[in-house]
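Here you get one chain, nothing else, as C-alpha cells; it is the form predicted alone.
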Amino acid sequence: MPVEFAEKTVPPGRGIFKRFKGNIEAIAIGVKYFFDPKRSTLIYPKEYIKLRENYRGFIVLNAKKCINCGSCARICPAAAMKLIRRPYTDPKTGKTRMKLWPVINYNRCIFCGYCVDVCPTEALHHVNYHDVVFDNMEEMDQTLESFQQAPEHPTAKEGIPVRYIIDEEKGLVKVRVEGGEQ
C-alpha cells in the first residue's frame, strides 16, 4: 500500500519566526552564559569533583571473599571481565589446586556495575573515583595482583574537592566540599 504524504502548512496567525521562538530563546541563554564572567570551570588537577559514595567508578576485587564462581565474567556485556587460572593453596588442607580468578580489562569496561551487582559474596566493589590515567594500553588489562588494589587517585592528594550545585539564579555553581578523599 503506497504511503500518502500530507503537506504541512503554517497555521494562520503564526508566522515563520514564531515557530523558531523557542530555538532563539535557547541560543540567547547560551550566549548569555558564554559571556558571563562567573562561568564555572574545573581547574583540573588542582580541583577534582568529589563524587557521591555510591558512584560506579573503578572496580576492585577482594580475593579473600571471592568464591571463584565466575558469575562476573558471564554477565559482563562488554567482555571486559575474564577468568584466569592461578594456583591456590587451601589453608585448611594445605593442598595446592588451580582456581579461576576474575581480572578486568579497563580498556573494554563500560562501568555498568553488573559484575559488582551479581557477585554473591560482594568480593567486587566500586571505588568512588574515575579519573585515573594509564601510561599505556597494557596497564589497562589488570593482573590478579593489580586488580586487588584500588588505582591511585593523585588529584585527591593534591587537589581541592569540589561539587557542583544548581542555583536558580546563577545556574551551575561550584562549591568546595569539606574533607578530602577517604
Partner chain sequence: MSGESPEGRAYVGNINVSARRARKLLLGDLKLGKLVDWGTAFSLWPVHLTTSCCGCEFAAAWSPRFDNEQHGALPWIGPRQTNMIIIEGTVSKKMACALRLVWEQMPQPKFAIAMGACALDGGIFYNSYNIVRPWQVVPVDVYIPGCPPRPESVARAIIELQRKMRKKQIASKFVEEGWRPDKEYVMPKEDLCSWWRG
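All values derive from a computational prediction rather than experimental measurement. Residue numbers count along the first chain shown, from 1.
This protein has a second form, the form predicted together with the partner chain, left out of what is shown; the following refers to that one.
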Close approach of Ala150 to the partner chain in the predicted complex, 4.5 Å, heavy atom: no
The partner chain contact at Thr96 in the predicted complex, heavy atom, 4.5 Å: no
Distance check, Leu172 to the partner chain in the predicted complex, heavy atom within 4.5 Å: yes
Any non-hydrogen atom of Val132 within 4.5 angstroms of the partner chain in the predicted complex: yes
Residues from 105 to 136 in contact with the partner chain (non-hydrogen atom within 4.5 Å) in the predicted complex: Asn105, Tyr106, Asn107, Arg108, Cys109, Ile110, Phe111, His130, Asp131, Val132, Val133, Phe134, Asp135, Asn136
